[in-house]
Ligand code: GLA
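Listed next as structure tokens is one chain, alone, in the form predicted alone.
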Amino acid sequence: MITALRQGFQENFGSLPEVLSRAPGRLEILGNHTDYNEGTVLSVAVDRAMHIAASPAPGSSGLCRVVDLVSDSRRTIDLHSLEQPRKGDWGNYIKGLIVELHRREIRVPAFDAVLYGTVPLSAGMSSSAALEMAMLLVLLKLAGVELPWLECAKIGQACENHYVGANTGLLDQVSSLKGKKGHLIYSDFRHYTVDNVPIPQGTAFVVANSMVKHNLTNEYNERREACEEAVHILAGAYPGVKALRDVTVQQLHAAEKLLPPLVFRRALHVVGEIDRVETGREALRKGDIAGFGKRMQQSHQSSMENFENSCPEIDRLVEIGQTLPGYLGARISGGGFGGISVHLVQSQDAQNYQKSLEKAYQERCGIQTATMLCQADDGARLLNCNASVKLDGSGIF
């Protein structure tokens, strides 16, 4: 990959790059839409990533040239004209980062860059956060600035909230930054702490793309508004409630009549998810992989019934998985409304599981799915030829 980046940069800009970076995509394993409700999540950084090579641009025009080596699409970014995003344009993620750095009085020099991504687009594996974190490492290096990992995550979130227009939480950026090979990432979004939980041996994640593309902006914002409405009402019944994290499943049921039915179901999904994350984490500590898989299945059922962020195609993938040898649990992963399902399976059955899932999905839905086996990988880092420098707890370098 480093060779491909260097070659791609040289072909486009006539020189070798000075900075290389890599940031992985992620899978959400348990904890759907809990991050912006100050809850907890179990996720994993995967071995699919965005890679970037860059150098300061010659001259002083303030123009940045960016080339996507996969799609051969190109963008020119004017550092003096960042006010207006272009709807649906991937260049918004880069421009939004620069705007957020400017707000922090961090000035980025004009640059040339090439991108090479292996994270599927619009499929629930957070290709956007992988782009943001890989680019942010590059921009900070070019600016000669170090920032703590949490501030990096917040810059990526602010880019999406303020510039792209999606009112997302911090899960994707934290997962991309704090991955660890062979481990899940346990994130607490009230205290902003991260821990790693070993993934049991003998298991694997099969990812199946429904091939239904999603656009989260409107649906995501509507779900978040429902959660905020629930908190406002529940705070009147339970003093001290500041987020859905502060409410137990029992308390929520006791206050059901206070909430509009739709708002109650949205809240029930989130409150139930936070509970499933905690009991699922404990199951992993005890080596109860079957118990963990059961919670994944319960999570998907709630996405179907309560949060309504699944879709018929994802539901079929999960249903098919339940009939296959090696199945332990499956659910939608990511914001929803299309995208992917993630299946926890016995590793010895993983390849046959993939093939059987593809065949059955084609027969039932008439759609050819794309499946992949994913492994837990390390988080975002700068690359230096064949060496790498990982993020630590305090800064990038």
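None of the values given here were measured: they were computed from a predicted structure. Heads up: residue numbers just count along the shown sequence, starting at 1.
What comes next is about the form predicted in complex with the named molecule, which is not displayed.
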Partner-facing stretch of 353-361, 327-335, 44-52, 60-68, counted where any non-hydrogen atom is within 4.5 angstroms of the named molecule in the model of the complex
327-335
Would Thr168 show up as a contact with the named molecule in the model of the complex if we use heavy atoms at 4.5 Å?
yes
Counting only non-hydrogen atoms and a 4.5 angstroms cut-off, does Phe205 reach the named molecule in the model of the complex?
no
Heavy atom to heavy atom, is Asn32 within 4.5 Å of the named molecule in the model of the complex?
yes
Should Tyr116 be classed as touching the named molecule in the model of the complex when contacts are defined as heavy atoms within 4.5 Å?
no
Assert contact residue (the named molecule, in the model of the complex, non-hydrogen atom within 4.5 Å, options Trp90, Phe264, Tyr163, Tyr220) equals Tyr220
From first to last in sequence, which residues of 8-29 have any non-hydrogen atom within 4.5 angstroms of the named molecule in the model of the complex?
Arg26, Glu28
